[in-house]
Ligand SMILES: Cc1cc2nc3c(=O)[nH]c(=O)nc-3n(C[C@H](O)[C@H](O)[C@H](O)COP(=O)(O)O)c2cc1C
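The chain that follows stands alone, in the form predicted on its own, written as C-alpha cells.
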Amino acid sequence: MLCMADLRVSYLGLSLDNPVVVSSSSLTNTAEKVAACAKAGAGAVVLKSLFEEEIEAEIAETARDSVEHTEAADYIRELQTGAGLKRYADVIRGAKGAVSIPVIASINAVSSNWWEAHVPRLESAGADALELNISLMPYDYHKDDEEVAAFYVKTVEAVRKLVSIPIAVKIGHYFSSIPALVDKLKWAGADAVVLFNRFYRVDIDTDSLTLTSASPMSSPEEIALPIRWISLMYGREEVELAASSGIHDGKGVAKVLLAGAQVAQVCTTLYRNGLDRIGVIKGDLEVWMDAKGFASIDDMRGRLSRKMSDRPETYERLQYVKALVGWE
C-alpha cells in the first residue's frame, strides 16, 4: 500500500519535511556530518553544543604557558573565546551552505554573562534558531528551586534581547513544577522547550571504589518521562514542546506526537544503528499513520494529551490507580 501520510511539521517557526530532528551530539559537530544527517532524511539538526567548559579549558591551557599578568590573562581569554566561537560559526556557515534543512545552533553554559556576550555571533553566522542547553542542576542545598529557576528565566530574557532568531530551551526534569518553569520560560522569550536534557550520569565502580561515568545512551523505557509532561502540558502552555530521551523508533516518534510534541529529537538510536535509521523511523511512522487513518501530523498531535481527554484527572492519578489495582 502506498504511504500517503504528510509528515511535514513546523517547529520554531521553521518548516520541516518531517518531525525527526537529530539532537545535539558528535553526530552533528561538522558541516559534513550535518550533510550526512540531511541526506539520511532528518527534518532538522541541532549542532553539537558549544560548551563553555571547552573554551574555558582552552583558556586555562594557554594561560599556563603564558606570563602571570592580569592584562595578559584577559587577552588570552578574549583570544581563545573568539577562536572557539569562530570555529563554531564556521561549522554553522558550512552546514547552511551544504543543506536545505534547518540548522539549529546549540550553546551549553552555566555562566549567564558568558551566554550574553557570545550568542549574537551564532545568529550572524546564519543559524536558523538557537537551542539553549541550560545545564544548571538544583544540587546546592543553599539554593532553593526558585533560585535555580530564576537563573534559567534570566538567561532566556538576556539572550532574547540579543537575538531575533527563535529560541528553544532544553531543560532537565529536576524541578518541583515543570509546567510553572515552562510557562516562565515562554514569557521570558522562549519559543519552544525541549523535554528533557540528559545530564552527566554517574555510576560507582565497586571494585575500585570510585565514581565513574554511566552510559550516556538512553533506553526506550525513558520515553515515559517526556510523554508524561508533554501530555500534561500540551495545549495549556503557549509554547511549543519538543521531546527528547528514549525515542528509538517510529512508534516512539508516534507516541510523543500523540502526547503533543511538535518534533522528536533522536540520538542514541542513530549511534547504535547508523544514520540510515532515520529513514526507517520515517517509513515506520508513515505506515503507522496510514494504518490509523492520520493524513498529517497535525491530525494526530496531542490526540492523547490531557487537554483532549474526557477524563483529564487520569493523567494525574494513573500511576496511583495502577498501583492499587495492579498491572494486567
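Because the structure is a prediction, the values reported are computed rather than measured. Numbers follow the displayed sequence, beginning with 1.
There is another form of this protein, the form predicted together with the named molecule, and it is not shown here; the text below is about that form.
*Asks:* Has each of 133, 216 and 265 got a heavy atom lying within 4.5 angstroms of the named molecule in the predicted bound form?
*Replies:* Affirmative, all three are within 4.5 Å.
*Asks:* Okay, which stretch from 282 to 290, 268 to 276, 36 to 44, 297 to 305 lines the named molecule in the predicted bound form, with non-hydrogen atoms inside 4.5 Å?
*Replies:* Selected range: 268 to 276.
*Asks:* Residue-level contact is defined here as any heavy atom of the residue lying within 4.5 Å of the named molecule in the predicted bound form; does residue 196 satisfy this criterion?
*Replies:* Residue 196 belongs to the contact set for the named molecule.
*Asks:* Considering only heavy atoms, tell me if residue 252 and the named molecule come within 4.5 Å of each other in the predicted bound form.
*Replies:* Residue 252: no, not in contact with the named molecule in the predicted bound form.
*Asks:* My question is simply whether residue 231 lines the interface with the named molecule in the predicted bound form - judged by any non-hydrogen atom within 4.5 Å.
*Replies:* Because no heavy atom of residue 231 falls inside 4.5 Å of the named molecule in the predicted bound form, the answer is no.
*Asks:* Answer with yes or no whether residue 24 is in contact with the named molecule in the predicted bound form, where contact means some heavy atom within 4.5 Å.
*Replies:* Taking the distances in the predicted bound form, the answer for residue 24 is yes, it comes within 4.5 Å of the named molecule.
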